[in-house]
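The chain that follows stands alone, in the form predicted alone, written as structure tokens.
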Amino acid sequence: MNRVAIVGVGCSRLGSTSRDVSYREMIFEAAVKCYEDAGGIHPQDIDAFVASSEDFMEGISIADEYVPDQLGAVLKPVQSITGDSLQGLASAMMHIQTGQMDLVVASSFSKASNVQHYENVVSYACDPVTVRPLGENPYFIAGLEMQRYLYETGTSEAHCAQVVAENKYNALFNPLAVYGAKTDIEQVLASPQLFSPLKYQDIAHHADGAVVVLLASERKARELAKKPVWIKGIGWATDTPNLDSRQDGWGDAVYARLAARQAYKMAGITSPRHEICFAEIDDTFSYKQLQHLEALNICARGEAGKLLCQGEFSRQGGFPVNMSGGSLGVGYLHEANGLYKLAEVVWQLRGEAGRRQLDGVKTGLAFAWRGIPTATGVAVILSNLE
């Protein structure tokens, strides 16, 4: 099967609001940076484009129709993926593996500040018979799931608060991060409780921005990139979105477990914690980072909180997690979450992560979850090794 590499990455500036630019301008900024990062390639040389977006978030039907101009994709094949951008990455990768294409772009963006009532948009994804009629903010689902996870694993609210404190602190070293801060466990625990036991600071807050990534076949990658980053494995899975019939209840992220199993098998990884150097993992809610670490087989069930306290997931630890600040520190980029996490892994593997750079990293993991109320996750293994 044709090997695929990342040869270009571009990210626009991020912000809690972006009144001065349209989403098209954000995508254009990210695309220009991506093409320059790939050696100044012209978009006419790119074979196809994959755009990940959600029509409900944009308020426009078939939103991908408005994507080609700013990517330089006019009169080129453009595929729309209504899902997390790492699902779009999987599609772009498969385009190349057919042998018919050498260069494919994956792109996504968030303009969440345009959405007045985000909870109403999310409610449309909830079951129209059993959930939507309740008229509740759909984040109550996260509160219920967090309660169950804490109960089943013995993880504490203080462990979740430490995730917030560490990720926001890590974000202080990331010039793109929107919500970097120096806070402590007590301050997080004292923040208003919104969806018991989920507190205000346990939730990643929205951010605007765009990410564009250029994928290449092995032949093209060797022509364009001095430091290609290879996609070693990728996996995705969806558990049922119906809250009353999830496979293993509410305490385990089954979708993450299944996605990781597929990615590890493809990459030939048998001991993730020892063969992977670091990870950028979904932390849309603080407990999710711990739940995902366990589901991804980085540690045993119920161990993530304890290892966090021991410093295992810190910069000096054995398995650094979310050195970017995660979504809690960077901001929640909706469908662009996955590509941003992938970009952070690429920058680390190329030694271009600035003040958040880790020493001697060779293999990284990016994992994205599509968010409430879905049970969809994507895992990608990346490496700078041949």
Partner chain sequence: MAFLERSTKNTENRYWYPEENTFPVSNRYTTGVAGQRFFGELKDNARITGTRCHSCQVTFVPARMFCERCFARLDDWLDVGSEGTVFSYTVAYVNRDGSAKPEPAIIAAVRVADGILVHRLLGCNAGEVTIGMKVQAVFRPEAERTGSILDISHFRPV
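Numbering follows the first chain given and starts at 1. Treat the numbers as computed from the prediction; the structure is a model and nothing was measured.
The same protein has a further form, the form predicted in complex with its partner chain, not shown here; the description that follows concerns it.
- Of the candidate stretches 164-172, 227-235, 140-148, 274-282, only 140-148 has residues whose heavy atoms lie within 4.5 Å of its partner chain in the predicted complex.
- In terms of contact with its partner chain in the predicted complex, the residue from L176, C299, V254, L243 that brings a heavy atom within 4.5 Å is L243.
- Its partner chain in the predicted complex is not approached by Y264, whose heavy atoms all lie more than 4.5 angstroms from it.
- Its partner chain in the predicted complex is not approached by Y332, whose heavy atoms all lie more than 4.5 angstroms from it.
- Although the partner is absent from this view, Q79 stays clear of its partner chain in the predicted complex, with no non-hydrogen atom inside 4.5 angstroms.
- Within this chain, R13 lines the site of its partner chain in the predicted complex, having a heavy atom no more than 4.5 Å away.
- Contact annotation for 7-29: residues with any non-hydrogen atom within 4.5 angstroms of its partner chain in the predicted complex are R13, R19, D20, V21, E25, F28, E29, listed in sequence order.
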